[in-house]
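Below sits a lone chain in structure tokens, taken as the form predicted on its own.
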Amino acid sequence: MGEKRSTGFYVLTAIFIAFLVFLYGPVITIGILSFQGPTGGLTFPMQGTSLHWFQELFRTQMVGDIWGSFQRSIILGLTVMVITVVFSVGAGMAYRKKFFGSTPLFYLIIASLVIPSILVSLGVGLIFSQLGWEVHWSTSGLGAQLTWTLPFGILIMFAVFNRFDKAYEEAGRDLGAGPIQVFRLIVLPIIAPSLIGVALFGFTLSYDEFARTLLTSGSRNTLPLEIFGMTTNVTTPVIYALGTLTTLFSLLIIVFFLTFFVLSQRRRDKKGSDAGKGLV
């Protein structure tokens, strides 16, 4: 006989299941409705099943610029990802030692996390307008999104370097390695898994960002803004098909980063194993 479960176990299980339904129910519902037949609408019951609305996405749309906005979101997301990784690592390395003004600077960096996103978007847009600069997704939009991704990346790297054993670096310097060699051959491989996490954070937060891009993208929308615009004038399941594809794309990005991490880890373990065999 197995151990009898307590009442609390079933209560927590029910809460967890309810949480999963609340979290993923809307996404699953949109995915199902995106397979409506040609005469289907935006609600249940479904009028047949087909790939009609996915095919409509690849035809010329009367409203919006779906694929143009998708390209802009990809470019912006990759740019934000690279900048976030580089600056987060730099900040993490810099904060390993105390310097003048480090504490106020730290609080200034993370302050943007508690400021309402729409106010950040408004502020960045106003600054660009007052300076006579063009409000554009690749400049003001980039700056607004970095106020969201950089604090997350920096906090992650702070946690990583707080647990980092400096003995590895000291051993490298004792063997004659210079600062660049120590960073490239010792520090970087050790923090690589965390860098992948920061990169994934940077890209996904940028790709899905709406509020901070709303007033800073200029005349060209990113994909979240384009989807929001479509909700006001598109009355067919084509918007559900777009939502399903963008969700699948986000999942593919996550799978790509996880696969890259696993392969990098195996390669690193293999190198360590080969080096160990060479010493035997």
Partner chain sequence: MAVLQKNISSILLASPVILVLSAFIIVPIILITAVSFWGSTEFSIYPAFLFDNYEFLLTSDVTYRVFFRTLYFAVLVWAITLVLGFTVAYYLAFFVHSLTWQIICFLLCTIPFWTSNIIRMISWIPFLGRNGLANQSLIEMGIVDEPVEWLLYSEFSVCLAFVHLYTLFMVVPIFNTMMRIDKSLIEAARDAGASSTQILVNVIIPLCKPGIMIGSIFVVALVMGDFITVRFMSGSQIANMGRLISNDISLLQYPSACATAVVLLATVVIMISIMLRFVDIRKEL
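Positions refer to the first chain, counted from 1. Because the structure is a prediction, the values reported are computed rather than measured.
Another form exists, predicted together with the partner chain; not displayed. Remarks below refer to it.
- At the 4.5 Å threshold, heavy atoms of Ile30 reach the partner chain in the model of the complex.
- Looking at Gln55, you'd find every heavy atom of it more than 4.5 angstroms from the partner chain in the model of the complex.
- The closest heavy atom approach of Pro116 to the partner chain in the model of the complex falls within 4.5 Å.
- Although the partner is absent here, Ser50 is not a contact residue: none of its heavy atoms lies within 4.5 angstroms of the partner chain in the model of the complex.
- Among Leu105, Ala171, Ile190, Val82, the residue placing a heavy atom within 4.5 Å of the partner chain in the model of the complex is Leu105.
- Contact with the partner chain in the model of the complex holds for all three of Ser140, Leu215 and Phe228, each having a heavy atom within 4.5 Å.
- In the model of the complex, Phe9, Leu12, Thr13, Ile15, Phe16, Phe19, Leu20, Phe22, Leu23, Tyr24, Pro26, Val27, Thr29, Ile30, Leu33, Leu42, Thr43 are the residues of 9-43 with at least one heavy atom within 4.5 Å of the partner chain, listed from first to last.
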